[in-house]
Every structure is written in structure tokens, then in C-alpha cells.
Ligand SMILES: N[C@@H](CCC(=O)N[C@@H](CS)C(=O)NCC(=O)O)C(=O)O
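Listed next as C-alpha cells is one chain, alone, in the form predicted alone.
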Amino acid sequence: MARELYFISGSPPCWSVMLALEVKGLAYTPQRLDNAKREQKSPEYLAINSRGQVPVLIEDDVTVCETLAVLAYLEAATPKPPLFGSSPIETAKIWQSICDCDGNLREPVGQISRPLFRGKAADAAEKIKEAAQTVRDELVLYETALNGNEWIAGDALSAADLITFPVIMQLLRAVGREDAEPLQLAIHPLADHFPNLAIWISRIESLPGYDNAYPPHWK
């Protein structure tokens, strides 16, 4: 079976899918798109995904767009190991955590990371600080959930971890920048503020295939 994944390096949604492929032990050919060149908006790529978005998974004559759709497809095609639980209550907890991340964490992280990555820390200082307060409140909830637990939505690694992890890594990459230090965001270093989350990150970093999924331009 020919399996390809179109992705942009450092994109949290793409990273989630790449981690899922590695966890499930599925071989694939990565097709990296250059965001700086807007290759995702090229006529060639728009013929694959008319919205010009990533990730996109192609298996032979099947094309699947959107992160959660790709994860659902992989789960149905390769059920083991399960990423969406093995019982109704497990599935509900996992989806609840995914919704929490997408609804409450992803955007405020973007409000922090976008200006920092663009060198606009001073111009957006107040907005970054406001978003950081929201993010810290969310991280407290994760920190509590991980008190005595290895994973954020149950006893096993799940799609909830794979969705949330890249978002938090994007956050850490942003707040760890030198120009973020004067803002005193109380997030970095993570282990000083949220030790359970730091341990959880180390746990995911030890997963087989983790290095294969790591954003190439971060290496």
C-alpha cells in the first residue's frame, strides 16, 4: 500500500497525525510543503486539497483531509493500538479532552506564538500576557489531570495526548525565546511551573518513532 502524508514542518495538526502513524507502526512517505513558499496554495497541491490546508493523507486512491478525519480513518483502518479508547467511557473522555484542547487551548497558544515567532513581542506584549493567563489556567487543568496519571485522558496513550502535545510544544518553543523573557509569562521552564506536564512530555518523547515525527526544521 502506498501511503503519503502532506505536511508543513512544525504544524501541530500535522505533527499529531505523524505521531499517530508512528504509534500505529504505519509506514508512510512524508511530503513536506514549504510554508514560506506557500506551496500548500500551489495549483498542484490545490488539486489534492482545494482548501490548501494540511495535513492530507493519501493511501492509494483514498485521500483524507483534516486532522481528526485522518485520525479517525487510521483508527478504523488499523484499530491496534487504539487511540480512541476501548470502551464508551474511554472514548468519551478522549473526545472531551480533544474538544478541550481545540476549544480552549489552541487559539490562545496561537495568540502567544504567532507574534513571538514573527519578532513582534514588544508590539503585542499586552495581548501575549492576556493570552498567557488563559493558557496558564488551562495548563493547571492538565497538570491536575496528570497528577498520578501517565496520560491526559485515561490509563493509556490516546488521540487526546497526540492532539494536545504538539500544541504545548508550539507554546514552549515560543515562550522559550529570548524576547519572551521580559514578558514573565510564568510558563518557561515548564518543569518549574507544571512538573506533571513536563514529565508527560518526556513520556511522549520516549515513544518509538518519536524522532521520525519531530518537525524537521526544529532539529
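Note that residue numbering follows the sequence shown and begins at 1. For clarity, every value in this text was computed on a predicted model and none was experimentally measured.
Another form, the form predicted in complex with this ligand, is not on view; read the next lines as being about it.
Exercise for the section: Name the stretch: of 66-74, 172-180, 149-157, 186-194, exactly one has residues whose heavy atoms fall within 4.5 Å of this ligand in the predicted complex. Expected result: This holds for exactly one stretch, 66-74.
Problem - 4.5 Å heavy atom contact, K37 and this ligand in the predicted complex - result: No - in the predicted complex, heavy atoms of K37 and this ligand never come within 4.5 Å of each other.
Problem - Heavy atom of L5 within 4.5 Å of this ligand in the predicted complex - result: So L5 does not count as contacting this ligand.
Handout entry: Contact test in the predicted complex: Q31 vs this ligand, heavy atoms, 4.5 Å
Key = No, no contact at 4.5 Å.
Practice task
Would you please decide whether S42 lies within 4.5 angstroms of this ligand in the predicted complex, comparing each non-hydrogen atom pair?
Solution key: Judged by the heavy-atom cut-off of 4.5 Å, S42 is well away from this ligand in the predicted complex.
Practice task
Could you list the residues in 50-69 that come within 4.5 Å of this ligand in the predicted complex, counting only heavy atoms and keeping sequence order?
Solution key: Going through 50-69 in order - heavy atoms within 4.5 Å of this ligand in the predicted complex - the hits are G52, Q53, V54, P55, E66, T67.
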